[in-house]
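First, one chain by itself: the form predicted on its own, in structure tokens.
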């Protein structure tokens, strides 16, 4: 017969290597405080349901509060059995009431949600700081021109501010996803017990409110077996890292010696062990690698989850370490990238030079020809394409009189009066092009400032919501821990 409080007389003692293989105790520390909170709320609910007497409830809750240290070395399967064993050790047999009307199945799902919802809010606040950094940098750079690339070829003029805003908006959508994930995470499985609920008349919504949940997961089989909130979170984490990895690749490319638009500060770089002239952007390289780990963890979790029958299976236990690893990677990556972006250098002269040397205003010139001469765009496209080819073949600088003559020759073929030289220069000046792009959302500096202001306002709202939710959760936690029992068997909040 086993002395294990879980196995009792049902099973012989578990083999030590099996316990080590199947136990989650080494990864359960993050769930320790949530599990304590859940058990306090549950015991209060048992008392209110008349399932246990006030004296026993008070004794059990006091014992739960006395367990202040989580001991990984304990020879138990998980944090849930660790706490129950400690409570029984403190109060004796009456501690066994702690699991009446619940199971590890609903408890672990609830504990994961309690731990994750706080993490979601914390990473939202960090991402809000990152977005704030992007916006502050963009304010300083609204007039600093640089090339946008398509197919890694110089395409059109934008500004450094506009580049920053593009990544800001990608991250902003990730924050919106996290808020949606937060709502679906903040639902209580408690009362679902093993899978089909309990005969104890528990107030599930009352327990949920005490634990600061918005609502309950109504179907009890769904409550214990679903981890879609984790899948959703992992997608959000993967999306963040995909966006950051793209940013890192841009930084690597644009800081390359041959491009030289960005300058990664020394504190985020390293040198070669053999080549003393080298300066390598190591943070952005490592971030790209970490993106692969996060995405790999997401895929691994999906593979664990894909064929599980209803309801609970221990396979679900192996999902959570991958999630926490991914979360920590994302949090640390954003923390470092925030500082890198704050200090990254920008060479506007080089950006302008690349734009001019690569005829980046060719589309704008074609548009001007369409508007001025009522020539169909495809025809204007051919005219400008022929002009660019001649200039490149003869190595003629964009703003030279010779280049101007080449566009005139192409326009003369259409029997139209060519542009004046001043009109030609204006049409092909990257800075002028940006000023004239007043279309909604375009890179015009006035547009950019308006976008920055709107996003600053939205970011303040993000921060306020996240901080308010953290305060609400903390207040509920404090209230739960300060709960006082009354002689009539009820409770005082």
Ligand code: ARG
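From a predicted model like this one, the values you see are computed outputs, not experimental measurements. Residue numbers count along the first chain shown, from 1.
Although not depicted, the form predicted in complex with this ligand is the subject of the following passage.
*Asks:* Let me know the one among 104, 322, 86, 144 whose heavy atoms come within 4.5 Å of this ligand in the predicted bound form, would you?
*Replies:* Answer to the contact question: 104.
*Asks:* Let me know the one among 317, 252, 133, 347 whose heavy atoms come within 4.5 Å of this ligand in the predicted bound form, would you?
*Replies:* The residue in contact is 317.
*Asks:* Taking this ligand in the predicted bound form, would 24, 108 and 312 all count as contacting it (heavy atom within 4.5 Å)?
*Replies:* Checking in the predicted bound form: 24, 108 and 312 are all within 4.5 Å of this ligand.
*Asks:* Would residue 174 show up as a contact with this ligand in the predicted bound form if we use heavy atoms at 4.5 Å?
*Replies:* Residue 174 lies outside the contact set for this ligand.
*Asks:* Would residue 113 count as touching this ligand in the predicted bound form under a 4.5 Å heavy atom rule?
*Replies:* Close contact is absent here: in the predicted bound form, residue 113 is far from this ligand, nothing within 4.5 Å, heavy atoms only.
*Asks:* Using the partner position in the predicted bound form, report whether residue 78 sits within 4.5 Å of this ligand, counting heavy atoms only.
*Replies:* So residue 78 counts as contacting this ligand.
*Asks:* Looking at heavy atoms inside 4.5 Å, which stretch does this ligand contact in the predicted bound form, given the options 78-86, 292-300, 391-399, 406-414?
*Replies:* Contact-bearing stretch, as computed: 78-86.
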